[in-house]
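Heads up, the chain below is alone and in the form predicted alone; it's given as structure tokens.
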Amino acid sequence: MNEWQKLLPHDETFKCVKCGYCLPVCPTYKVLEKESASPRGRIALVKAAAEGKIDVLQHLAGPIDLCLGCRVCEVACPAEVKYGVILEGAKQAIHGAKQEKKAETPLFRWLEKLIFQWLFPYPGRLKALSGILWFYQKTGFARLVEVLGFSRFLPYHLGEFAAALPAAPFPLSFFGRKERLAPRKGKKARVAFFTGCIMDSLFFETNRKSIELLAAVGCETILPKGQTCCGALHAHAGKISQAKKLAKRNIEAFERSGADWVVTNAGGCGAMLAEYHHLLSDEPEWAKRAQAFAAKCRDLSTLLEECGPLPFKKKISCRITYQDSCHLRNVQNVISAPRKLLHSLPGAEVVELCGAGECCGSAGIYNLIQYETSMKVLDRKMEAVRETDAEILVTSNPGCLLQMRLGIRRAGLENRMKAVHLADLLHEACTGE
């Protein structure tokens, strides 16, 4: 047995009783309608690969790569199968097999190294790219490329996603941010805010507004130095050793803060941080520290709801619907807090989205590398969104937000609807901005 084959969680697969409860909730099974695109089918393939009955790359890699990793199957499973553990082990094994057999081209390996080793672990480099994007948008190049139709020649359908990007922050904005913001009223908690990599470089204003909202409900908020990418993209790609390095850097940075809570405003990042104790469970010198760190992780919405009420000043007189972030809902179990906050908005009419807990098809970079399947999932989602007749679609994760903006464009709803982050909408209601 190869070393990478030992990474397959064989024992965990026996817990699946093949009942099929996962089938009707799985987004890829719904759109592809084949067993290998379901959690039950993938678990069976992992078991067969661990037993040496099928080849990891030839038979397992394809179905695993098609998985969104939304983990809604864990919620539906009556046997409490830890599908996330199975998926992570399969990803590791596939990554190991590809490295051993050199199954990827030199160009692909270089791009992976560029993204995972040289870019995401370094917030400053991402901010530099954000500055380039700002220049690209402000000078009119972005509009020119779209009008002339050049965007369709970009790889991985990047032209479509570029049109859904928010306005990049002014490059000098990063240098004026305070590392600590005092509460506006009696101090209720000391929190350390996780800025993230994509959130801080592309959604800098959302981070700023999130911090101001925390201050508005009585939270002293600090931004720990030394924090870095959460490691979710690395873990989902099977690069566990790299994910562990990032986790350790974050744990060290936030331990120094002495905060009561670690707060995030991105569902995917928050889920990764909250599972650091699983990631580092096999390292005795880090396991307890990771456990203590994970216990402090909170989503922004839960703290705002708990420490509120927010000081609303402006009516949001429109129809609003909410799309759950999969990892916020299925991993962190945060469901009611965002909805309570939306219902508290003065003047707002909040309507529940049918299938709000189903994945939108974003899943990190899934919508780039599995574009066709992602768009099938998204188009199905937009059918339900259209039925809400909402003017504002709210979500709590950057990937979901970009995906839903793309979905609005694909559905021809640009003139009727916009997609916003929960923090942006709450901040507007509090300040009028």
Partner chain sequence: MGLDPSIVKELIRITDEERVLLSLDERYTYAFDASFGTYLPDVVVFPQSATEIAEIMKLANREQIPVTPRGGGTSLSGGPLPVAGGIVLAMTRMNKLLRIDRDNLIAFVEPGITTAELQREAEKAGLFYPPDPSSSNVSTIGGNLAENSGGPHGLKYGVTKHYVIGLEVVTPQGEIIRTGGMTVKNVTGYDLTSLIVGSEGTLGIITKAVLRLIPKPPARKALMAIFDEIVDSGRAISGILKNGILPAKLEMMDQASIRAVENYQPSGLPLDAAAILLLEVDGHPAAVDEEIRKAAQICRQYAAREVRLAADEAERAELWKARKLVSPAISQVKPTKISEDATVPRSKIPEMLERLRQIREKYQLHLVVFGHAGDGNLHPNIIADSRDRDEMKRVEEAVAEIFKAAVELGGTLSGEHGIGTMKPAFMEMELGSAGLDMMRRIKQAWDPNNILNPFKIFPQPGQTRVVLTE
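Residue numbers count along the first chain shown, from 1. This one's a predicted model, so the numbers in the text were calculated from it and none came from an experiment.
Omitted here: the form predicted in complex with the partner chain. The next part is about that form.
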- Task: Run the contact test on 342, 352 and 391 with a 4.5 Å heavy atom cut-off to the partner chain in the predicted bound form and return yes or no.
- Result: no
- Message: Residue-level question: is residue 40 within 4.5 Å of the partner chain in the predicted bound form, judged on heavy atoms?
- Response: yes
- Query: Would residue 44 count as a contact of the partner chain in the predicted bound form, using a 4.5 angstroms cut-off between non-hydrogen atoms?
  - Reply: yes
- Although the partner chain is absent from this view, report whether residue 59 comes within 4.5 Å of it in the predicted bound form, heavy atoms only. yes
- Query: Taking heavy atoms only, is residue 11 within 4.5 angstroms of the partner chain in the predicted bound form?
  - Reply: yes
- Message: Which is the contacting stretch out of 396-404, 361-369, 379-387, 50-58, given heavy atoms within 4.5 Å of the partner chain in the predicted bound form?
- Response: 50-58
- Enumerate the residues of 13-35 that have a non-hydrogen atom within 4.5 Å of the partner chain in the predicted bound form, in sequence order, or give none. 14, 15, 17, 18, 19, 20, 21, 23, 24, 29, 32, 33, 34, 35
